[in-house]
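Below you'll find only one chain, the form predicted on its own, shown as structure tokens.
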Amino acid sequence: MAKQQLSVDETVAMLDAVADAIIAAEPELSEADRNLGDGDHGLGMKRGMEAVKAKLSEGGFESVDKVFMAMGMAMMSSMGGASGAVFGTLFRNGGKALKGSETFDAAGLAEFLKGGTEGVMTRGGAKPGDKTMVDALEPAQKAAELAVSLPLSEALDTTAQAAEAGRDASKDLIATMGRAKTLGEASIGHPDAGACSVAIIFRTMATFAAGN
């Protein structure tokens, strides 16, 4: 049976699974970043997600927004650099959009992605086509908006598929942001590391919702 929504405790467990998935993916994320930049994205994300796991284990979250916001703040305070700022903003601003929610459903997913994506684009200055995490995040946001009437598990699967397609499409783009922009056309053929992280995050959320 398709999962309609997650409780606060289930949301904590889902984000803990996301942290585990990113930590496990450190080698591939580092490799993706080495192809385009200085190779520190995977290690930064791992450090951030270890801080997230520590924060989530403290418990005591009375609403869903507090869970996502705590995740964002943990990433911001532990990662540093551009990735810490934008990924922390994704979860913090996305969480703010869910203020007071006691469950996480498809409509909440759309609100989370709207607030988070807008925050990332404002904070980092990137737009679709710049070969950044936005190239996976913005399609995911659009997919979530179209999936608000679906059970959460189905909405997350649709969102994850859009993020994965955006990640794959980023291979064909020329980087215009960050260190990768110095590569020019040599950046073609490699996916953006941040877009890879976004795809893992939403695929893990979808897998969790499908299995619970």
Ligand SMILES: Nc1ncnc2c1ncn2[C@@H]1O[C@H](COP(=O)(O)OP(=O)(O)O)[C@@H](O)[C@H]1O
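Keep in mind that this is a model prediction, so the values were computed, not measured. Residues carry their position along the shown sequence, with the first being 1.
What comes next is about the form predicted together with this ligand, which does not appear here.
Among residues of the shown chain, Gly124 is one whose heavy atoms approach this ligand to within 4.5 Å in the predicted complex. Among heavy atoms of Ala70, none comes within 4.5 Å of this ligand in the predicted complex.
In the predicted complex, this ligand sits within 4.5 Å of a heavy atom belonging to Gly81. For the chain shown alone, Ile201 is not a contact residue for this ligand in the predicted complex, no non-hydrogen atom being within 4.5 angstroms. With this ligand left out of view, the stretch that reaches within 4.5 Å of it through heavy atoms in the predicted complex is, among 162-170, 38-46, 143-151, 61-69, 38-46. Contact annotation: of the candidates Val86, Ala106, Ala74, Leu113, the single residue with a non-hydrogen atom within 4.5 angstroms of this ligand in the predicted complex is Val86. For the partner-free chain shown, Val120, Gly124, Ala126, Thr132, Met133 of 94-133 come within 4.5 angstroms of this ligand in the predicted complex, judged by any non-hydrogen atom.
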